[in-house]
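In the form predicted on its own, a lone chain appears below as structure tokens.
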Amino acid sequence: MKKRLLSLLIISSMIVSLSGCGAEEEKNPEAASGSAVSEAAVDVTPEPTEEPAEDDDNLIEDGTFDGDKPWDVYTFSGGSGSTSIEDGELHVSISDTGDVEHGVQVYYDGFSMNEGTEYEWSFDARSTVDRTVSGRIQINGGDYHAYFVTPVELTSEMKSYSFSFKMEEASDPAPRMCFNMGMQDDNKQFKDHDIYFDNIRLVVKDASGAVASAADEDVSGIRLNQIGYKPGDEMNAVFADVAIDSKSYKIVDAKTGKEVVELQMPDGTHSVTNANADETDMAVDFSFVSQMPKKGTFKIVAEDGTESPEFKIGKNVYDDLLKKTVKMLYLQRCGTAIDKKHGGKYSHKKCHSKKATLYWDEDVKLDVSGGWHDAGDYGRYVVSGAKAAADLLLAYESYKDKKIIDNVGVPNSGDGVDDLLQEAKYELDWMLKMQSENGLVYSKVTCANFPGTVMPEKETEPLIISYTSTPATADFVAVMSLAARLFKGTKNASLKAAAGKYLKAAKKSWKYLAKNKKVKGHTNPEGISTGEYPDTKDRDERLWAAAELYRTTGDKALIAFVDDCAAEMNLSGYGWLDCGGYGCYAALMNKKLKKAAPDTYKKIYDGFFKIVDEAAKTVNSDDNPYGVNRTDTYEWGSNMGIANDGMMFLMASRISDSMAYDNEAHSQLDYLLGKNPTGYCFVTGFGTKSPKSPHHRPSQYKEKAVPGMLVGGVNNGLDDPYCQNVLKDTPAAKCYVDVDQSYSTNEVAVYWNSPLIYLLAAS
């Protein structure tokens, strides 16, 4: 008999986080107790203080609750509660405290605190039952430790509480103030009761010892690809608010400072107003410089003396970066030990190797070990994994005649087999385990909640397999068909054997999809708060599946499915949600389809290139100096989207059998590697200025970023509390911050690295 898997939703003291577009969205704090009170003075008086007429010194907006916006509430592990404003007080209605201290928590974001400053925190509070709550001012990310924490004894009488403390840690521009109102330390729980707060104040008591915050380093106002260029590449830079009326500039040898050449600005060079970045920009093209050596390290020096970051020119300029971006995937491997030789300081013991339980039937336990940890957390997801594996396979297919990547520095390197294929195989072999008996594919396997800041082997909560879905199943068909075709064409016995298994599995899942046209989307089951990857449409995934399977098998019965899906969707997308671009590419690279169904082929061709040409027009617009397919919107994971655009342009060049869109593709790569308004090379460990604090648990735990990871990048949706506080007045194109708390701009993911790998393999 099927039973709800509630017994496996194990109580944890770790933070629960919610997912947005796959990369992790952490809405609420770790609520660990026991942090010491630093130099705190406590005063509790029996009567509430009078409300001040004006409270300009208060760091908390509307601490007297005269408005209509209550603080936010967070519940966890059985906790249940809500907030409202009642008679000028914050009313917290609690129906169940849950099983942990932070089972019910009210919290406030939107203030900052400076190192070395003394603060006074005061408030009035009462409860309809006598009980203790925990007052906390804490970091809003990472391990969520408290800067100050204190128990607060509440009774039915409204009392005033006052605490003084000193901020001993580095300044924090976006901390969190909260009250944990869950289960008490003595394991005492409460059901229906109410708690009221008023006159909440946080004020600076003594700023004489304040330590100045470190300013964000800006490398210069000249933005360019900080890795460099190959001889013959299009080379350009953006002068941002510096020397924008220059008539000339110099290129100098970065090591000696010796001038290589002084150049005049070409006719027509002019500045433009870039409202998205709040800049005045001038695009400078130095591709034509015949005097430029074919090898070396250089800088641009503007008329006013502003120097660009260093950049290299050389035929192997991207080799090390490509190796590290691929090795990142190896370091994300789950279910295996990463040894010291190949993992360095990020080595770890075998992780997540126990059997996982079906959410809806706790009697069924399956071995689903393997695959890649998806992002900054340790979940494994089919839809994102399929996209990442496909990018590696397509990179190999497109550029195998130019290069074999067999020197990444992983255990199978140097064996004569491309590391891209072997890394993809590791993910695909896990995906085989996620196929159910009827051909449908399980969407994901994770614990119930995101882990704290631990190495992967320390996440030991039970593994839970989530629902099946048709988007995951169609992605499975597509990538298995693609892998079967490519693996069969190699000389490696292991890959050839895998090809047969993959094709058999793809056909089994396609059989289900062909008979069942209804969408079976995925949403998180109750009690599961890890990455959701919700998708309620599957026409794009079905197009990709049918087109890829037809390309591999030649089964003409699949043409009708290709035609049907292509007629009903936007022929674009290279992400986990929208996969139409992959389907278009599989169809348009298939000569069998062009011959057997020319009308279908033309329909897809015309639709695909309409999208490509519109994107190219945006990239080449005179008022778009940074040359990316963006106007005023930068979505969560925009760096993936920009890398995907680069991949799309390269695919268009291959379909048209020309280099028509190669420059547009390279412009997207330039953006990712430094030619962008933030001045960051968005790959950890590379460039003059790169992310040092990504939202990535091994990097956070080791306090040093794994090299070769593409971070999410600019996101003017401000989808995490840190961004909402720190970047609220920032221009759209600069909404990025290099802190691990900012999961919506600074997390990493395997399927963000994978299109970058494709671009680098092509370069």
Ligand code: G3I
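Because the structure is predicted, anything quoted here is derived from the model rather than measured. All residue numbers refer to positions in the sequence shown, first residue = 1.
FYI, the form predicted together with the ligand isn't displayed, but the following is about it.
Peer 1: Using the spot the ligand takes in the predicted bound form, and overlaying the site C-alphas onto this chain, is the pocket open or blocked (blocked: 3 or more ligand atoms within 2.4 Å of backbone or C-beta atoms)?
Peer 2: Site status: blocked.
Peer 1: Exactly one stretch in 254-262, 667-675, 368-376, 321-329 has heavy atoms within 4.5 Å of the ligand in the predicted bound form; which is it?
Peer 2: Selected stretch: 368-376.
Peer 1: Any of the heavy atoms of Tyr550 lying within 4.5 Å of the ligand in the predicted bound form?
Peer 2: No, Tyr550 sits far enough from the ligand in the predicted bound form that none of its heavy atoms falls within 4.5 Å.
Peer 1: Any chance Gly531 has a heavy atom within 4.5 Å of the ligand in the predicted bound form?
Peer 2: Because a heavy atom of Gly531 falls inside 4.5 Å of the ligand in the predicted bound form, the answer is yes.
Peer 1: Report whether the minimum heavy atom distance between Trp430 and the ligand in the predicted bound form is within 4.5 Å.
Peer 2: Outside the cut-off, so no.
Peer 1: Answer yes if any heavy atom of Trp576 is within 4.5 Å of a heavy atom of the ligand in the predicted bound form; otherwise answer no.
Peer 2: Residue-level check for Trp576: yes, a contact with the ligand.
Peer 1: Work out which of Ser287, Thr633, Thr297, Asn407 lies within 4.5 Å of the ligand in the predicted bound form, going by heavy atoms.
Peer 2: The option sitting close enough to the partner is Thr633.
Peer 1: Under a 4.5 angstroms heavy atom criterion, identify the one residue in Phe239, Tyr381, Trp544, Phe476 near the ligand in the predicted bound form.
Peer 2: Partner contact (heavy atom, 4.5 Å) among the options: Tyr381.
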